[in-house]
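Taking the form predicted alone, here's one chain by itself in C-alpha cells.
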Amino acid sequence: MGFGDLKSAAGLRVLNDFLADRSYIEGYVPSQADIAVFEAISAPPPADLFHALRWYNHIKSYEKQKASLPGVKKALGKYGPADVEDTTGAATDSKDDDDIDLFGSDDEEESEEAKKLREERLAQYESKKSKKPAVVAKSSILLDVKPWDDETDMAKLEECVRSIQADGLVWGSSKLVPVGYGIKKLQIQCVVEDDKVGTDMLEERITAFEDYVQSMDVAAFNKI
C-alpha cells in the first residue's frame, strides 16, 4: 500500500484520486491516519487537485486537536491504494548508503559560496558605514549679557563678545533688550558643537571682559 512519493506531483495525484470518493484516509471521521499522511506532505496540493486540497485544508483545521484524534498512527505505507508502493522519503533514506564524498558535496560547496558572499556583503556594509560622516551634535544658545550700568558702551560690549573665537562656535544675530532704569542687555544668538563648546566656557570668556560685562545668563538652549 501507499501513495508513491507524497512530496512529488505524481504522489499527490494518487492521493487526489484516492480521496475522490472519500472524506478521510480511513473511516468517516478524521483520525491519526489523516495526520500521518498530512504530515508527509511538504506543501498544500495545487488547486487542480481539488479533492486532495479540500482534504488538506480540512485536516489542517484540526492541527491543535491532532493528538486527540482517534486511532493509532501507523507507518505511511499502511495507507493508500493497495497497488501503489510508498516511496515518500526513500531518496533521503538511500542517501545514507552513498559513499563518503572525500571532495565535499554540492551542498557543502554551495554553503561555502553562500558564506563567502555573506562575508563580502558584510565587508561592503562596514566599509560604507565607516565612510559615512559622523553626526555632529549641535545646540542653539541664546545668551543674555548684562552691562554694569546705563553708561556702558553696548557697541563695545558686543564687539568684545563677538571677538571670542573657538572651533565649533558661530555667532548669530543680536539685539539690545531694555531691562529697566535705562539699562539694556545684549541678547545674542550662537550655534555651538556640543563636544567643543559649552556654556561654562562661554561664560568664563565673556565675563572676562569685566570692564563691560557684569554677568551672563543662558536665556534659551535648544539641541539642533
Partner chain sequence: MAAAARPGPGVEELVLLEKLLGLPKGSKYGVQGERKVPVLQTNNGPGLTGIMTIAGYLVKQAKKEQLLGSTAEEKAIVQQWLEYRVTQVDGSSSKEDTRIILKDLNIHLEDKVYLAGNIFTLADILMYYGLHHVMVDLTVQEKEKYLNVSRWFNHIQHYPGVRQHLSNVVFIKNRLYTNAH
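All of these numbers come straight from a predicted model, not from anything done at the bench. Positions refer to the first chain, counted from 1.
From this point on, the text means the form predicted in complex with its partner chain, which you will not see here.
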item	value
4.5 Å heavy atom contact, His51 to its partner chain in the predicted complex	yes
Exercise: Asp17 in contact with its partner chain in the predicted complex, heavy atom 4.5 Å	yes
Proximity of Ser23 to its partner chain in the predicted complex, heavy atoms at 4.5 Å	yes
Close approach of Ser61 to its partner chain in the predicted complex, 4.5 Å, heavy atom	yes
The unique member of Gln165, Ser173, Ser42, Asn57 whose heavy atoms fall within 4.5 Å of its partner chain in the predicted complex	Asn57
Heavy atom contact within 4.5 Å of its partner chain in the predicted complex, the stretch among 152-160, 43-51, 165-173, 182-190	43-51
Residues in 166-190 close to its partner chain in the predicted complex, defined by a heavy atom within 4.5 Å, in order	none
